[in-house]
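Next comes just one chain, in C-alpha cells: the form predicted on its own.
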C-alpha cells in the first residue's frame, strides 16, 4: 500500500517509523514531514490545511490510505473532505473532532451524559467571568475553548490572574475561538489513556503520563509536552473498567446517537482523584510526545491495525504489546515555549543507538544538507527497557552526546515513578 501521512512533528516521525516497519507498506508520502521522516519516506512540502492541494497530491502519488497525525486538519474537516472524494482515510469526522476542537462542546457532552469531569462555566464575555468569580474557590483553571497548541490552559491563583488570562482569550489570543471555560481545579494525578476506535468497536492502545510544564519539578508555563513514559502505573485493570464505563462508552454512544460515530485514535486525558477518574480533555489523535513512548512498545503490525479500523473490522484484531517500559525526553530550543532562535545546526551523525533506542525528529529540517531546528520541540530521545531509572539515565547519556548548546531538556521526566 502507498500511505499518505499528514503532519510534521515527533508524533508523525514515530507513526512513520511504525508504518515503515509494516509488511503492508510499499511507499510513504509525508505531508509535509520533517528531517526524520525524510530518511524513510518522501516529504512533500504542502500546507496541510489546503485540502484541495493535498487531494491533488494524494491522487498524483496513488495513495491507498491516508493517516492524519495532528488535530488542526481533523478539526477543520479533512476526513469528511477526503471521504467525500472517495479517499480511504483514518481519523475522526469534523463533528466528532469537536471533542478536542471545542472545550465547550466537550463539557456540554459531559453534562448531558453524566460523564465525570470538573465543575465548569462556559464564558463568552468578561461579565460572565466576573460573575462566576463571586462564587468560586482558588486555584481556578482557565481554558481557551478552541485549539491552542497545548498552551491554552492556565491554573490561576487569584481573581486578578483569572481576569488577565480571560481577557487575553476573549480578545482573540488564540485564533480558534474567543470563548473560554472556567473550571474547578482537581487535585490528583494526571494520566493519558488511548484507544483506537472504529464504527463498531474500540481497542486499548496504550497508556502514558506526560510532563506538560517546561521546568523541573513541574514548574513554569505549560508546553506541548516535555517528555512522557508508558505504561501509566496508575491505570490498573480496575481503573480501566471505570474509565471505559463512566467516560468512554457514554461518549461514543452520544456521538452514535447523533449519527456522527467516532473513528480514529481517541486520547482520554484523565485526572485520577480519590481513586476515581475525571475527564480533563479529549484529544482526537495520538498524543505528542505520548505516541513516541507507546509505539515502541507495540508488537502487532501497526498498519494492519489501522487498515482493520478503516474497514470497521477492529473486532477481529488482537493488539499485542511488548513487556517493556518506555520513556521519552524532549530536547527543546532554548526559550521555548516563548521566543527561540531557529536554524541552529544540530549534529547527530555520531550518535549510535541500540535497538531499544529511538531518535524521533520533531521541529527539524535540512538546510543545505545541515540538520537545523525549525520548531520549539526539536528531538524526542526515546528508549525502552525494564526499569524507568535506567531508561532515563540512558536517554540523558544520549542527549549529552548530542551536546546541542542551543537546547535544553528536563532531567526529571518520570519522577512520579522513579522514587
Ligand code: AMP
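Positions refer to the first chain, counted from 1. These figures come from a predicted structure and were not determined experimentally.
The form predicted together with the named molecule exists for this protein as well; it is not shown, and the discussion that follows is about that form.
Novice: From the candidate stretches 178-186, 242-250, 333-341, 304-312, select the single one in contact with the named molecule in the predicted bound form, where contact means a heavy atom within 4.5 Å.
Specialist: Only one stretch passes the 4.5 Å heavy-atom test: 178-186.
Novice: Counting only non-hydrogen atoms and a 4.5 angstroms cut-off, does residue 255 reach the named molecule in the predicted bound form?
Specialist: No, residue 255 sits far enough from the named molecule in the predicted bound form that none of its heavy atoms falls within 4.5 Å.
Novice: Find out whether any non-hydrogen atom of residue 111 is located within 4.5 angstroms of the named molecule in the predicted bound form, and reply yes or no.
Specialist: Answer no; every heavy atom of residue 111 is more than 4.5 Å from the named molecule in the predicted bound form.
Novice: Contact with the named molecule in the predicted bound form for residue 212, defined as at least one heavy atom pair within 4.5 Å: yes or no?
Specialist: Residue 212: contacts the named molecule in the predicted bound form.
Novice: I'd like to check something about residue 118: if you look in the predicted bound form, is any of its heavy atoms closer than or equal to 4.5 Å to a heavy atom of the named molecule?
Specialist: Judged by the heavy-atom cut-off of 4.5 Å, residue 118 is in contact with the named molecule in the predicted bound form.
Novice: With the partner absent here, would 143, 155 and 271 each sit within 4.5 Å of the named molecule in the predicted bound form, counting heavy atoms only?
Specialist: Checked in the predicted bound form: all three residues contact the named molecule.
Novice: Within 4.5 Å of the named molecule in the predicted bound form, heavy atoms considered, which of 198, 281, 80, 161?
Specialist: Contact residue from the list: 281.
Novice: Just one of 222, 317, 93, 128 has a heavy atom within 4.5 angstroms of the named molecule in the predicted bound form, so which one?
Specialist: Exactly one residue meets the criterion: 222.
Novice: Which residues, if any, of 94-117 lie within 4.5 Å of the named molecule in the predicted bound form when only heavy atoms count?
Specialist: The stretch touches the partner through 103 alone.
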